[in-house]
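Read the single chain below, which is given as structure tokens and is the form predicted alone.
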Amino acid sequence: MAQMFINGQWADAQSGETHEVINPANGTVVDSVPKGGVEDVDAAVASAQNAFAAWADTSPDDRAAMLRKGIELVKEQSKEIAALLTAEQGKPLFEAGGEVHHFLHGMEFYAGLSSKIRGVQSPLPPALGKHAYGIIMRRPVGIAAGIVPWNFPLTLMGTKVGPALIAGCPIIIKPASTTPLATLKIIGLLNEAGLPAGVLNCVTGPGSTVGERLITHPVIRRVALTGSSETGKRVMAQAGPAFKRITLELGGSDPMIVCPDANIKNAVSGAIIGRYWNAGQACLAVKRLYLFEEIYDELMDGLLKKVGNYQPGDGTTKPEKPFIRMGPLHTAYQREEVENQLQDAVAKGAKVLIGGKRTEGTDLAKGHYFQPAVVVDVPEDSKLMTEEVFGPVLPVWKVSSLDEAIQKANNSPWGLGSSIWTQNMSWANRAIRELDSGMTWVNQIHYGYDELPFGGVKASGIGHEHGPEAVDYYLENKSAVFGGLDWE
């Protein structure tokens, strides 16, 4: 049985309770983990509090050196970690390997950034003295909590651990109850690299107990969540009264606009990866496709051919070429929700051009498999439009102008990502200015880059992860004024 990591050592839940981690591909038990409670969170917070002063006083170069040593240990076991991720989450091995690679890239980015955090020096009015000046110091804000979802558990853990550690903040990670195993493996390796006890902890257990205690614990000053918009509202309500630092990366319904001059082949590939990667279970995914009428037929032909090449199945196996493996949806509930959203649209007049059904076959009966779908004539009031669709269903609309495309794209409560596919820089710049989203890609697939700040607008959240800007949420500014100094 796996264990939590608290105060530099592996630990069971104080209650002795456990819960099973189930493989979504076949329903088998992968392992068991502790079902942590409030008392386990309190123990982790106490250890982080004890470690805080010394870690904050550790030089940036020393922090980075420990991080780099941990990165090397993870690299050495990357294949084992990817296999563990596939077993607990369901994504194909090549996608799991990609996620491990993305995690490592992000951690390397933050290790390199560690020694580059700088304050500011500024001259002050001469009334304070001829040579008066002020400085702004950057100090770690305190103990942090990172709450991580099940769809990309490693990548989204790294976007919290990396900035926290280089800023000098101990952090406690709470993984999703269904995907804790690869996370625990990595956290153990990072600690093995020499992190002081209490600097990096991991507590497993339900969000209703472990998550809420982390959010409301008076010692924790920083909360980073990736999750649904509804969960984000609850976190704001719980953390706001204590004036905690909060970042929320929430849901999305990202539009993709393809213009008449676009490279159709590239646009098809972008739509395929942007919608169907990880079986469509991504906040940052293409969830609405808007095609100019001039290229509608050509692009749809290419899209349907590519979607038809997907073959749902166990992520540890490879289909024969040209077929592409798609893993199961993560839970039975997730599949039922996507089915319900699709059925609602069909009942209101939408047409399914391909897929949209459970995969048949006795060898797949115990997994949560679903055939990827393309849907047209989707009403604006259907659940495919008004709800976030966390599965492999892509609704497509025909538009006649960029005005219409942008208007339809912005007709959403979310604003996480967006993309436009065109060679016309005027159109591209207009889309960047006018699309209501935290990021806009131009002729690129939807993907989060470690070098650039990433976050949403509207119901897609507040704050940023990725980039140097992410570190700011783990630091506080302190101003100091030097006046009346008789310096010549």
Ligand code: NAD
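Start at 1 with the first residue shown and count on from there. Being a predicted model, the structure only gives us computed values, none of them experimental.
FYI, the form predicted together with the ligand isn't displayed, but the following is about it.
The partner is absent here; in the model of the complex, the one residue of Asn201, Thr183, Thr204, Asn151 having a heavy atom within 4.5 Å of the ligand is Asn151.
Proximity to the ligand in the model of the complex, defined as a heavy atom within 4.5 Å, holds among Gly252, Gly274, Gly327, Gly162 only for Gly252. You can rule out all but one of 396 to 404, 340 to 348, 218 to 226, 307 to 315: in the model of the complex, only 218 to 226 has residues with a heavy atom within 4.5 Å of the ligand.
Though the partner is left out of this view, Pro170 does not reach within 4.5 Å of the ligand in the model of the complex, counting heavy atoms only. For Glu212, a non-hydrogen atom is located within 4.5 Å of the ligand in the model of the complex, even though that partner is not displayed.
Using a 4.5 angstroms limit between non-hydrogen atoms, Arg234 touches the ligand in the model of the complex.
A residue is said to contact a partner when one of its heavy atoms sits within 4.5 Å of a partner heavy atom; Ile147 meets this definition for the ligand in the model of the complex.
Taking a 4.5 Å heavy atom cutoff to the ligand in the model of the complex, the contacting residues in 365 to 399 are Glu388, Phe390.
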